[in-house]
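For reference, the chain that follows is the form predicted on its own, supplied as structure tokens.
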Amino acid sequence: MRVLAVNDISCIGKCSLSVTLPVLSACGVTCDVLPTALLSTHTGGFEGYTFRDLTGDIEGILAHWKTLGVSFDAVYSGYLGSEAQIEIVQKIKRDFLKKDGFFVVDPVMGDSGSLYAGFNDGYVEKMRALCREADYILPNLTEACYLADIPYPAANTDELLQKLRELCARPVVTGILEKENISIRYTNKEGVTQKYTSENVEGFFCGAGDVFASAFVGALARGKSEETAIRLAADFTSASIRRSAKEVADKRYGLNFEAEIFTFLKNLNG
């Protein structure tokens, strides 16, 4: 099983490819990478970080891959820094994804009700187009509201999921707060809303979405059902957050997911 992960590299701060590569590899899946940007640190709480857009390098990389005749069983996209990179991922899906492969989009573009700096309505529209080509999309609540064109925080999650299903048949919305819990909402094959709930831990934990998405993709790649993949990924992420809340002094540096990966793999292989 060969998965291509399209995401940025943050040299310090566990997120994006520095999470996806070890998690997918631990799942027993070959993880190839296509970096979209190179940052000295991620952007969550750090100042003065460097940022290098790698769009100009991607065309040559893809051209070389074509000479090798490589193809992928799955493609998973995360942070895409521009509308041009969204179009590149659409091309990758057409040119490199096997006919029986699956395509997962984590539409990284906002949080806490707002878009990230540098993104606008045009970017959202392009991301909607990418989501229409996906087998699964993994937005947080903010991203889901933008994709569905529903005011944040979307009082009616059934309506939200129905709107998202117009873009992608299998939306999975993360980060829905419910008093002391945090839930994931998705729909089953019949279109009925389902929920998986975990204990909410106060605070902002950088990279939590990447841990969930990477584990979800890894579980799917190992042949698990969507429901099982959601449960495994959510439990892994929740355990990593609980541990990090106690053990990681500076939360900007990401989750201590490494200490929980053995339990995740035991559950994955059980």
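Note that residue numbering follows the sequence shown and begins at 1. This structure is a prediction, so every number in the text was calculated from the model and none was measured.
Not pictured, yet referred to below: the form predicted in complex with a small molecule.
Between the small molecule and the residues Tyr123, Tyr79, Tyr146, Phe103, the one pair within 4.5 Å by heavy atoms in the predicted complex involves Tyr79.
With the partner removed from view, the residue among Cys206, Ile230, Leu34, Cys27 that has a non-hydrogen atom within 4.5 Å of the small molecule in the predicted complex turns out to be Cys206. The candidate stretches are 58-66, 237-245, 35-43, 213-221, and the one lying within 4.5 Å of the small molecule in the predicted complex by heavy atoms is 35-43. Heavy atoms of Val108 reach within 4.5 Å of the small molecule in the predicted complex, making it an interface residue.
Taking the partner from elsewhere, Cys15 is found to have a heavy atom lying within 4.5 Å of the small molecule in the predicted complex. Contact check for Tyr196: no non-hydrogen atom falls within 4.5 Å of the small molecule in the predicted complex. The small molecule is not shown here, and in the predicted complex it never comes within 4.5 Å of any heavy atom of Phe96.
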